[in-house]
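The data below hold one chain only, encoded as structure tokens and taken in the form predicted on its own.
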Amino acid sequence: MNFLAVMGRITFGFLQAAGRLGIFAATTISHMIAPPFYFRSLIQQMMTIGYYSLPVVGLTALFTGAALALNIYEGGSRFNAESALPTIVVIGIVRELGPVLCGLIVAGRVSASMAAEIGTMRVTEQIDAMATLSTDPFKYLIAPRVVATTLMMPFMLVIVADVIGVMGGFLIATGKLGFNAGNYMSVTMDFLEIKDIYASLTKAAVFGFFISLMGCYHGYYSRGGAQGVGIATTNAVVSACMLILLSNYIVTEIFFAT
């Protein structure tokens, strides 16, 4: 009976958290599409989330593409399949590694930042002061962050990650492994399909929504001073990464299931 009681508490706790998250997400979406809009805050968040994340995203994609090319060449040489390197690199980067690695990197940087910032405002009662001054925290704090992340992930960060990741494989293949540059790019363009690009951008938008949603959610409901803000920051990053990996499989299943 004690075991059943524990399982019941865990189940009810999970359902309560899921319901609160669902209500939070629905409220956020309603404020994203309804006026008024704080364009100045939106542009500021787009710069912070998109532009300032480019260096780390670019470096991660570059070295990932280079390492992927080396591993594919070494593995393919065992079966005399070295010529498949350009195809595997472009498909692997565009379909999976580009959006997923970019999402995880941005989750560690952006989701933690949002949770810490909004959590600090919560524990210092700044959010309560906003409500007292008739400023909706969802409209002013949360909606611009979610919109900015959802837009910057597909239209800036993941595009850059895909291009630089493919170029990282190209540089290693032509500079170290002896591939002809023209043939490499020709094979890359021949095997890259428009569906691969659509899937990559769709994943990026979904990841961006979850990254910002988790950061804002955990920050908004943080309690307990500095320790509570630290816990909220950790929970935001962990939950965002888990949702990225889960949604990655779902979107892949939608686009590429036979």
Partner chain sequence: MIDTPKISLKGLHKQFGQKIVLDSIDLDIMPGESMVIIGGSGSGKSVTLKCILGLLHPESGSIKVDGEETIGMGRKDRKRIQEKFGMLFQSAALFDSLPVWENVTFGLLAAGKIKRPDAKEIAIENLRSVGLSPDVALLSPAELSGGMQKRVGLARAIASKPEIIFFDEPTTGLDPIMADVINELIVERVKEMGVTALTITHDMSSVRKIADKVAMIYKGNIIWSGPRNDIDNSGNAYVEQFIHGRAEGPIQMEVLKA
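Residue numbers count along the first chain shown, from 1. Remember, it's a predicted structure, so these values are computed and weren't measured experimentally.
Below, we refer to the form predicted together with its partner chain, which is not included among the displayed structures.
Visitor: Can you tell me whether residue 105 touches its partner chain? I mean in the model of the complex, with a 4.5 angstroms heavy atom cut-off.
Guide: Flag for residue 105 set to no.
Visitor: Please check if residue 129 has a heavy atom lying within 4.5 Å of any heavy atom of its partner chain in the model of the complex.
Guide: It does: once its partner chain is placed as it appears in the model of the complex, residue 129 has a heavy atom within 4.5 Å of it.
Visitor: Please run the contact check for residue 121 against its partner chain in the model of the complex: heavy atoms, 4.5 angstroms, yes or no?
Guide: Residue-level check for residue 121: yes, a contact with its partner chain.
Visitor: Would you please decide whether residue 134 lies within 4.5 angstroms of its partner chain in the model of the complex, comparing each non-hydrogen atom pair?
Guide: Taking the distances in the model of the complex, the answer for residue 134 is yes, it comes within 4.5 Å of its partner chain.
Visitor: Indicate whether the candidate residues 30, 40 and 140 are all in contact with its partner chain in the model of the complex, with contact defined as any heavy atom within 4.5 Å.
Guide: Verified in the model of the complex; spot residues all in contact, yes.
Visitor: Which one of these stretches, 22-30, 63-71, 224-232, 207-215, sits within 4.5 Å of its partner chain in the model of the complex when only heavy atoms are counted?
Guide: That would be 22-30.
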